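Take a look at this single chain, the form predicted on its own, given in structure tokens.
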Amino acid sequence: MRPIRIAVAGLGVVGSETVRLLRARSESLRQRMGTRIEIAAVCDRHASAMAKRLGLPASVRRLSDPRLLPGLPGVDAVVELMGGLDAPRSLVLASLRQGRHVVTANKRLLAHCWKELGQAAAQGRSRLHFEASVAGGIPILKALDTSLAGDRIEAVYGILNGTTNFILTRMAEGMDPAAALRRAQELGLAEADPTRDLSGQDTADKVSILASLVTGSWLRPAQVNTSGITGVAPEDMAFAETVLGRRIKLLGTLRVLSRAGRRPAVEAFAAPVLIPLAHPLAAVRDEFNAVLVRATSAGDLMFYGRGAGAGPAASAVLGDILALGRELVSGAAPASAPPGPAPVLGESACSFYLRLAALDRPGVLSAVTQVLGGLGISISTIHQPGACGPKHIPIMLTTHPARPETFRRALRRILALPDISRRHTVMRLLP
């Protein structure tokens, strides 16, 4: 069989490592697929310099404009590793529509353009692989899409962002949040602008991909209830561990609440959560990622590994290229299932942690408890550890399970009390 010829767009850290692995493992890939993978072209703003640095032969075309790739003669597949959204979107959609298969690690592209990508792939009868978009080298997407295809997925819980997990690990050890971020940046774990990580948006994009894959419908990132770790303070970390026996993690969560006919009802959020110390996700430290999948027949399955870095991401990209090569060698027709109806969003009852700042006056605590009790929310624990600012004292409480909309209503009333500061922190407790 003739070689499978690919074009690699983006020669940054992951793109360069992918090219290096392709060349280093070319013979083992040929033996496993029955044909060779050839790099026909590379595209980058500094394509010539990068190609020279990677030792690519003169037969490999060097391009600086990704718009030229979809129409490049003799190219079977485009490997998109540029990052960002606009340029990759144009490249991937054009490639799929013209019958070029695509491998991408671009989580933002998938999360924000899921429906468009599916339509373009169906139009061009092309294939789209994207394992590296979620949890780096952990093969969670293939497990959900293939290994567990015959099971019913009930829930997915994931530590999906290595940057925030590293920061929270350092905070649990007593490090200041700003110092923890600086350390993550020094180690190359955090971007110069870490906003998408810290705000939870990066995790929300990954929850969108997981939800869309599990339900067969596009769950937009904007539909994922999202909050970040900027409101988490060292006192929350210490209180969670020493008093509550829990650890704080930024968790991406998907729960399939029901399937009414063909339309699934799901709960999806990306937010800091208090996890019991005995829970397997509580032990995940530093930049590592982990995903716990709860399936009806298989039970709980844990996937763990490095979620960031050139090696894990390139490994996942290489796995996608191998899977694509095998599909092309076998001649299997591309999957073209139409997207299902949009899922119904729901929220399940859960326990909440709330930290307030209150004026040190008689009756303040009673006013807070009256608001909660008036809405039927039962308090599980309540503490007043000490002063948190001029004339303010902290109130830290946890509730028994309550409906989220009821808790939000209670919180609005509490924050409207004259002796309560607007400054507060809310987190869910994982059962």
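Note that residue numbering begins at 1 and tracks the sequence as displayed. Fair warning: this is a prediction, and the values are worked out from it, not measured in the lab.
The discussion below concerns the form predicted together with a further copy of the same chain, not included here.
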Going by a heavy atom distance of 4.5 Å, is G150 a contact of a further copy of the same chain in the predicted complex?
yes
Quick check on L318: any heavy atom within 4.5 Å of a further copy of the same chain in the predicted complex?
yes
Since only the chain is shown here, I'm wondering whether I138 would be in contact with a further copy of the same chain in the predicted complex (any heavy atom pair within 4.5 Å).
yes
Touches a further copy of the same chain in the predicted complex: L417 (any heavy atom, 4.5 Å):
no
Counting only non-hydrogen atoms, which stretch in 404 to 412, 418 to 426, 5 to 13, 19 to 27 is within 4.5 Å of a further copy of the same chain in the predicted complex?
19 to 27
When you measure heavy atoms, are T146, L301 and L322 every one within 4.5 angstroms of a further copy of the same chain in the predicted complex?
yes
Report the residue, out of L277, A333, A178, L187, that has at least one non-hydrogen atom within 4.5 angstroms of a further copy of the same chain in the predicted complex.
A333
Can you pick out, from L110, A121, L281, V214, the residue that has a heavy atom within 4.5 Å of a further copy of the same chain in the predicted complex?
V214
